[in-house]
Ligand SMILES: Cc1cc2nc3c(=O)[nH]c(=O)nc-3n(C[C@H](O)[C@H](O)[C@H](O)COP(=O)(O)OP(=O)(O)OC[C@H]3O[C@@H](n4cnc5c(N)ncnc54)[C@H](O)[C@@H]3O)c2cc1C
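There is one chain below, alone, in structure tokens, taken in the form predicted on its own.
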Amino acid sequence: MAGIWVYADNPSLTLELLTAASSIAEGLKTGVAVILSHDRDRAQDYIDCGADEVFLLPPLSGDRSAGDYAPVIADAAREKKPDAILVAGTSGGKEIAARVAARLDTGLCGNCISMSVEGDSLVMDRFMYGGAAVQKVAFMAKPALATIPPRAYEPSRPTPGRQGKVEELPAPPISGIKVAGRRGREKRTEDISEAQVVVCAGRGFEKKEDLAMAREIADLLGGSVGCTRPVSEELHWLPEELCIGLSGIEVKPALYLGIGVSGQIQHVTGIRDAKIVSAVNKDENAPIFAVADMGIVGDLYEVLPKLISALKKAKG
């Protein structure tokens, strides 16, 4: 069927993609389909959340990777002619999106943050120049492919009892590439992308030991500690998994507190969806104050002890 297809390689992100797919499918007056990797039990869940059809991919043997699905998806797209294929912006998703786009000789919009229908064209927005500008990409050829970063859309809510069709796709051809082994990357800390309060440590801290003040504030507020790239990449004071910004993670807390953070655009891109942005910096001209809802101009070594004391008093 024509329509908007979603490649499901991550259950929670697939629900976000279904929200995106449903919004543009309505504008194009078409349906939504999910390409699901062998997990038939989830098919009805996705139908309940907006899919009209589910394409089931067969399981892969242990020495093969999800990239092997690319020719099967491309062949199905040639036959059924979807308007667009949406893929989560994970490392695996980006790989398969690029492979499918190459096989179909069509366009791919990476890190798409929003989509709309203008006439007969599908228009996608993505950040460029480190988040300083938004690029609009209009697709004339079909299908249009896009990778969408996590949390760009709210998850789709189920409507139990929806009816949909399930179709099985053929097994992928034998690949000339063999996976010799897989080794997961060990995470050294928590995932702060879902934290409701984020206390971010910047280069204004003079010593690694002083980060204890940021951790104490985060604990008092029931939040998590993040950092800017210099703190993780240059000083190695915190793991890179805590780096917030264009080349790190994006956070959407109810409260963001930047301490000693200058506020360069590469970092601000990662906090653009925070509900309240606050900052402590001794430089009154620091860029962070241009995006902050509230801020304190002062030396963090003078401000933080007073803030910690006030928070402890408030907590009783």
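Note that the coordinates shown come from a computational prediction; the quantities given were computed from them, not determined experimentally. Just so we're on the same page, rigid core means the largest C-alpha set that superposes within 1.5 Å between forms. Numbering starts at 1 and follows the sequence shown.
Separately, the form predicted in complex with the named molecule exists; it is not shown, and the next lines address it.
Choose from 42 to 50, 64 to 72, 261 to 269, 27 to 35 the stretch whose residues reach within 4.5 Å of the named molecule in the model of the complex, heavy atoms counted. That would be stretch 261 to 269.
Let me test this: is every residue among R229, N281 and Y301 within 4.5 Å of the named molecule in the model of the complex, going by heavy atom positions? Yes, because R229, N281 and Y301 each have a heavy atom that approaches the named molecule to within 4.5 Å in the model of the complex.
By the heavy atom within 4.5 Å rule, which residue out of R215, K142, K94, R203 makes contact with the named molecule in the model of the complex? By the 4.5 Å criterion, the partner-contacting residue is R203.
The unique member of L56, L60, A286, V277 whose heavy atoms fall within 4.5 Å of the named molecule in the model of the complex: By the 4.5 Å criterion, the partner-contacting residue is A286.
Is I244 near the named molecule? Define near as a heavy atom within 4.5 Å, in the model of the complex. Yes, I244 lies within 4.5 Å of the named molecule in the model of the complex.
Core superposed first: is there a CA shift of 2 Å or greater at G89 between this form and the one not shown? Not so; G89 is displaced by less than 2 Å.
If you line up the core, does P305 shift 2 angstroms or more at its C-alpha between this form and the one not shown? Shift at P305: 2 Å or more after core fit.
Can we say the CA of L15 moves by at least 2 Å between this form and the one not shown when the core is superposed? No: L15 shifts by under 2 Å between this form and the one not shown.
Could you tell me whether R272 and L15 have their C-alpha atoms closer or farther apart in the model of the complex than in the shown form, knowing the shift is 3 angstroms or more? R272 and L15 sit farther apart in the model of the complex.
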